[in-house]
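Coming up is one lone chain in structure tokens, specifically the form predicted on its own.
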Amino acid sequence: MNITKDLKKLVSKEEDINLKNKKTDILDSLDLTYSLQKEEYKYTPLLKIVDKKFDLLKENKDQISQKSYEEVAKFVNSKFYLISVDGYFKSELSNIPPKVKIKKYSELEREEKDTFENMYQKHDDSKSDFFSSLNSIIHEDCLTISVDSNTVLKEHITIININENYDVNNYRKMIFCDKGSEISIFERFINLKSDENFSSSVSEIYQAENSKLNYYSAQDFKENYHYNSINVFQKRDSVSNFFTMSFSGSIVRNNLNICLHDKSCYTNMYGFYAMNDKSLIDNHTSVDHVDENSLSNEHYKGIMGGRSNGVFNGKIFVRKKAQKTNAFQSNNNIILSDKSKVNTKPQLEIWADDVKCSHGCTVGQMDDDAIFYLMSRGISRKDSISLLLSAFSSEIIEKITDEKMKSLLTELIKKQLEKFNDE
């Protein structure tokens, strides 16, 4: 690949020897990750398009304009918030909660770096996904978030990533949840740049014993391109809940990879996407049950209008040691237009015999009988469709126990669903 030579130059500039070794290791496996693109991105030509439109290896400078200071306030919906601009964390714009350490990698003390390096790139998909490989090599100064043991943060932390000055931005996070901690995160990407752009985000999350994480994300990229990879490694008795809401974007690719490494781990993965125009949303998920008595519950629902395309690929692995596993996966879709489509592929690979596992998918159109029934009760066709779409999305929203987050995401979904009736 022509890109390899330029990437080698970038790696040679890395001054931290440990990071340089890690990046070199990824660089050596780049041919393999590139070869996997054909199958893993079968319905999503993200690399082909962004490689033509953008210079993926262009180096950005850490800068910030006055516009960010003025615009960012309206996106802050919580007491605590972290703000990154063009891939660079801005502590001066952020409000950091107590008992949570937020630092750039370059700011870590030696002991902190040792802890960080023992986890960094150990459980991500940088050797199986080409975009994660690029992010791992190109990104600068990973943001590290460390939650002290037994810390229970009642207020969620909002992470706001702002694309403002450049065509291509790379975001990188490492989150460590210590024993007995509990934290909620709401992540948003905000485009203040008027031109088309591509953003790449890779997150690694390590959950120690008995920790709990709630992770919410709302994606509204307009006509921009985005790649997002979240990689989770869970220890015994830990719990994770993920809610991914996607509303627009020329092409949006979400990877959610979860490893339930020890006994009695639990994860819930919920997604809702409502895409219109020519948007393409691709959700790829993976749950790896390594040890016994763990549970995963996955439910994604989508509404496709206009000429939009949807892709869902969910994989569940149950290892031989993972007896008494419960794993459930479901993907349901509504097609509102003859020109929109969905490709869905649920997968199970099971090596254990004492398990309860199921998967399934549905793709259909609006129920004409249900619409007729509502209209016969004096409700207009437009309002009837709105009610049915709202009911379709409510099954995901009702899983949110945080009333503030439920209200916020319900309002975002409501605004998106109204657009389907404007056509």
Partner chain sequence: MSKDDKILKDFTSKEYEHGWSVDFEVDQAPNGLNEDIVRLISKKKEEPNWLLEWRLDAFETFKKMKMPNWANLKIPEIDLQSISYYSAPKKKKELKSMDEVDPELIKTFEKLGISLQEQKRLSGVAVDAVIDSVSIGTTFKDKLSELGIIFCSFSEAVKEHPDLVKKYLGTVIPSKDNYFAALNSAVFSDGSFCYIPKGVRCPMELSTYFRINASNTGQFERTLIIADESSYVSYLEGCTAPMRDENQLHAAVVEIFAASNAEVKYSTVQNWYPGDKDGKGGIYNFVTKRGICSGDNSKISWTQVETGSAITWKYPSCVLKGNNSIGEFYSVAVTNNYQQADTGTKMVHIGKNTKSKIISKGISAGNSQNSYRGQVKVMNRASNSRNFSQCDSLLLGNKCGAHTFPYIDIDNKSSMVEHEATTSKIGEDQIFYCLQRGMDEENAIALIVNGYAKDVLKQLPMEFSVEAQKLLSLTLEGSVG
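Numbering follows the first chain given and starts at 1. What you see is a predicted model; the values in this text were computed from it and never measured.
One more form of this protein exists, namely the form predicted in complex with the partner chain; it is left out here, but the text below deals with it.
* Asked: Can you pick the stretch from 392-400, 364-372, 22-30, 51-59 whose heavy atoms fall within 4.5 Å of the partner chain in the predicted complex?
  -> Single hit among the candidates: 364-372.
* **Output flag, I335, L348 and V355 jointly within 4.5 Å of the partner chain in the predicted complex, heavy atom basis** => Spot residues vs the partner chain: full contact, yes.
* Using 4.5 Å between non-hydrogen atoms, is I205 touching the partner chain in the predicted complex? -> It does not: once the partner chain is placed as it appears in the predicted complex, I205 has no heavy atom within 4.5 Å of it.
* Find out whether any non-hydrogen atom of G360 is located within 4.5 angstroms of the partner chain in the predicted complex, and reply yes or no. => G360: yes, in contact with the partner chain in the predicted complex.
* Using the partner position in the predicted complex, report whether N210 sits within 4.5 Å of the partner chain, counting heavy atoms only. => Contact check for N210: no, nothing within 4.5 Å of the partner chain in the predicted complex.
* Partner contact for K42 in the predicted complex: the partner chain, 4.5 angstroms, heavy atom -> Although the partner chain is absent here, K42 would touch it in the predicted complex, with heavy atoms inside 4.5 Å.
* Asked: Only one of Q323, N95, N297, S128 has a non-hydrogen atom within 4.5 angstroms of the partner chain in the predicted complex; which is it?
  -> Among Q323, N95, N297, S128, a heavy atom within 4.5 Å of the partner chain in the predicted complex occurs only for Q323.
* Please pick, from V342, C265, I258, I162, the one residue with any non-hydrogen atom lying within 4.5 angstroms of the partner chain in the predicted complex. => Comparing distances to the partner chain in the predicted complex, the residue within 4.5 Å is V342.
* To do: Could you list the residues in 90-113 that come within 4.5 Å of the partner chain in the predicted complex, counting only heavy atoms and keeping sequence order?
  => Stretch hits: zero.
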